[in-house]
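Shown next as structure tokens: one chain only, the form predicted on its own.
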């Protein structure tokens, strides 16, 4: 190969890398923040109670998540509008209002659960939540209200590195990696009700409706267009990979530390903080601290993203200004929605002896109802050739999506039904 051609290819490769780094953000952030307090709890309970036997569920979930988020990427980059805005324009205002009402309730419940996870993680480090939560909530609020999209995105990308804690915790717990490998690809299905509920919950906690709205809104806010479609797909696939791997590592960590430890066996933990505390005598105090630090960071991370998601979607749905890059006077509804979510969630968690179980269960059930409905809207939009042009869905992709959508309706119906059945 001539030297000139080699130099040209090196320049091209370097340029493509720089473009990818510039696009990097929405896909990684939305997938990493999905491992929030609720997700960590679900994965922890799965590993402690059933060992590696639910890992195959996350393998399937990774495929579903990648397909659904490819739709999000295409809709955002091609139309230049957020998902809520597209739903408002394509469907009736009544439908939009109902979807927004359900999403606002679900997001608020999830934000409360993340502040609850934040409070629990602080207790692991002997810090009183009543003193620590107000300044942390203010810091989260200040970052978004006084920042620009680029600055906020950089902070979120750096914070997402804290999930390395789960890589270290998993290795410190000493798992059987050959058994882990088999469990990833060979399903070990049980008809026990609690097993089925956890299988469904693992899917529900990994693919949440708010993710779809946030990613598309952040793609639009970042100004990415169809020319950057391939790069944003790569960004999303990287995010999907790490999000699913982190979920798997939490299952592996708790499985090795509890389920497979002699004299322990199936262990019924009820929360992520209980898993972190229980790791100390089994896998060492440093594994416990790392796990707790991961819970703290994930809860704080999600407690900032979920209110931001809600502000984006509500404002887009009703045609209000929805961007971090405008001052308060130009986007008052956006910042007011964000502020109310932060303040309301933080205050609710600080009420002594409040029972958050109902809110968490209701939000999970509503997530199950909402997800396939949102994906149905997305599928209709992505098949609209007037809207999407040459980027509309191809027949093969439609087939994959219809199979995935049918699976989501069935699996979420099972989750809703199982909510009203006793666990086995």
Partner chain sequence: MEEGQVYLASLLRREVRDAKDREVGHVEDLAFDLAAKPPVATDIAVHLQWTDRIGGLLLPRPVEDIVLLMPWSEVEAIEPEAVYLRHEHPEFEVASSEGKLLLRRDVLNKQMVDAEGNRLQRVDAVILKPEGVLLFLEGLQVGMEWFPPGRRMERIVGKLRRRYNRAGEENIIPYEAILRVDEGELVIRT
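None of these values were measured; they are calculated from a predicted model. Positions refer to the first chain, counted from 1.
Below, we turn to the form predicted in complex with the partner chain, even though it does not appear here.
Heavy atom to heavy atom, is residue 178 within 4.5 Å of the partner chain in the model of the complex? It does not: once the partner chain is placed as it appears in the model of the complex, residue 178 has no heavy atom within 4.5 Å of it.
Wondering, does residue 340 line up within 4.5 Å of the partner chain in the model of the complex on heavy atoms? Residue 340: no, not in contact with the partner chain in the model of the complex.
May I ask you to check whether residue 191 falls inside a 4.5 Å heavy atom distance of the partner chain in the model of the complex? So residue 191 does not count as contacting the partner chain.
When the contact criterion is heavy atoms within 4.5 Å, does residue 232 count as touching the partner chain in the model of the complex? Contact with the partner chain, no.
318, 125, 105, 242: which sits within 4.5 Å of the partner chain in the model of the complex by any heavy atom? Comparing distances to the partner chain in the model of the complex, the residue within 4.5 Å is 318.
One residue of 72, 322, 248, 199 in contact with the partner chain, assessed in the model of the complex (non-hydrogen atom, 4.5 angstroms): Contact with the partner chain in the model of the complex is made by 322 alone.
Within 4.5 angstroms, counting heavy atoms, which one of the listed stretches 127-135, 85-93, 107-115, 223-231 is next to the partner chain in the model of the complex? In short, 85-93.
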